[in-house]
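Here we start with a single chain on its own, the form predicted alone, put down as structure tokens.
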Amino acid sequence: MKKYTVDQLRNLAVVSHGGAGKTTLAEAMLYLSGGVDRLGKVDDGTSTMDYDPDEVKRKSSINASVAPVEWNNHKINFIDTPGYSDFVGDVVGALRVADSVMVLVDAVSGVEVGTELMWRRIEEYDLPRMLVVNRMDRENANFFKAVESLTEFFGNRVAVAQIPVGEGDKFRGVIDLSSMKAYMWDDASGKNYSEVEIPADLLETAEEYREKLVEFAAESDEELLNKYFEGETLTQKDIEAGLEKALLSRSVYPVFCASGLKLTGIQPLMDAIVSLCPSPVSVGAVKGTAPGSEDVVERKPEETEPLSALVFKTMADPYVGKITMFRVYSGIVKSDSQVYNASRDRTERFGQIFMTKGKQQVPVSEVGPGDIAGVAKLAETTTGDTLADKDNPMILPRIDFPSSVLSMAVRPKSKGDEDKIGQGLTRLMEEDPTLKFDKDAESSELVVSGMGEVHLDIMADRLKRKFGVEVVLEEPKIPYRETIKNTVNVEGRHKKQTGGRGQFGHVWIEMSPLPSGTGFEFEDKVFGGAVPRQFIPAVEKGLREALPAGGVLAGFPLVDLKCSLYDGSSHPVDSSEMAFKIAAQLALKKGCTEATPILLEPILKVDVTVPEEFMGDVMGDFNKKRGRILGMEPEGRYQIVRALVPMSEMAKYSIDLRAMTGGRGMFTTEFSHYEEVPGSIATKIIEEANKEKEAQ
């Protein structure tokens, strides 16, 4: 692969709702630019970008993959992203290193749920974006209806830059509005197309849309605006220069049309990417901080600057091990060199650097600013780390991955595979930062969290395929607690006489409830040596040791109570620390029974972001889930509903919300506090917990 200068590079993330044809379009670009010899197909499992066994099986993208498309003496790093919301982590990583975005919509469906959700992510990164109405060959394809939906959702910055010649099975060309030329495809190869005059029946429509496009182009530049107002005709070069500025300033979202499957409209689309999308030079310097400080450091996209690069994806390759994908922002990275990881203060040994084209690796000797590449077998570097010059280090902002929304307990089908699960999940977490797992100290369950059901199902498939361990996913146990409602005085007496020395411990304890979240308090109120000083720590220790399983209702941990030792007695020979520990524990058990024990459940603070029309459904559902609405807050076209909801009601909320809102809702949760469980529900929980104990 030839070397390109920084201004010849384009880093383009491609996003859409699932099934809008991103991977097919990428394949078409690779094929027509000469990047691959034969055209692969997603449905046949032969596409360049969807090569992972899970992607081949499901016929859709699960991972972001990079392919360099060489066109018109430029290189487009095309980052194909998953469309399904469970794999949003890869989308976020791609957007973090892209300089612009191509948003695809289906010519039949227009803007769909996933398009809306992806748009919100793009807004967070404030990236320049172009829009493509794809799959123009589909039956019932309607370009102008799709444009209407784009305008409805994304506002009046949407500007038509091309219109189609024909739709559905009659789609055979595109009209470029900046040059006012039509391009027609003559055969199914996609390679043979000709520039012709605009068909007479489309001329009026083309002129109408061109006028709007010219306005957008003129508004971006004072000189062009003056020219426009003076009645001069803007040339194709003027319009493209104006649109390039407008795209960079986010004041226009130009709309194109194509069919990746029929290989129609692809070459003009690549021309538009090259002429309109910003290069790393146009985007300008990147900002970071000096290690260990808040001092801002800038790096220009130049080879002479110190190195700065960001790792945006990690993959586990069965043959070469861990592959680290990174984007260089400044300086040069060379194969077979030492590279400093500024995020971890470690030096890594780089072997052969390569460009990726799906699973194919193209070795290169070095990678310069603005480009994307990979390297294998780094020991400590993970996604989000900054690679830098050791003498002039900087740390780039990390990738802000979304929080997980669904947690499941994972257990092996075969006994003895517990260690394998832990090792496998650790490796999978390196690949996918939206995947988390933790061992619950209380229930001893391994709890894995991800972005949804499909995400966790694929995690289970990968554990089996890559690490040879089959697992079962179950709902995790809810961490219930027990406490008391009343104050009681209780006696604990432990007396045991065997041959030789006996055991004697005797305590009087006052047990009282504490405010929620306080935990446990111990108070020594003994006067006159009724309990010798040396045994008082044993009383406290005995109580604390009994708390984790001390609940009398179902053996859940005891919380929010105070135990005050105020009296007791001892034996000069038979008393011991152990005897007083046991006496304290007997008093605790007796006191819990007498002081009106109650069951507590964890309550979560839930923030749900939904379009306004779904607010009623969300609030009604929270009421069914025993939730309390705290309030609402507008956020653009969306509303944020805040509520407190019991954790037990939120186990499958990601699935419920997706069903309620057609996938348009998003939510976050965090632990808030514990609350008493209503009587009828508490009875069921206690019965189930006791049955489980008996079964064990």
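It should be emphasised that the depicted structure is a prediction, and the values quoted were computed from it without experimental measurement. A residue's number is simply how far along the shown sequence it sits, counting from 1.
In what follows, reference is made to the form predicted together with a small molecule, a form of this protein that is not presented.
- Comment: 80-88 is the region of 80-88, 195-203, 468-476, 289-297 lying near the small molecule in the predicted bound form, near meaning a non-hydrogen atom within 4.5 Å.
- 138 is the sole member of 74, 462, 138, 581 with a non-hydrogen atom within 4.5 Å of the small molecule in the predicted bound form.
- At a distance threshold of 4.5 angstroms between non-hydrogen atoms, residue 657 is out of contact with the small molecule in the predicted bound form.
- Residue contact check for residue 633: none of its heavy atoms lie within 4.5 Å of the small molecule in the predicted bound form.
- Interface residue remark: residue 13 is not counted as part of the site for the small molecule in the predicted bound form, having no heavy atom within 4.5 Å.
- Not displayed here, the small molecule is approached by residue 42 to within 4.5 Å at the level of heavy atoms in the predicted bound form.
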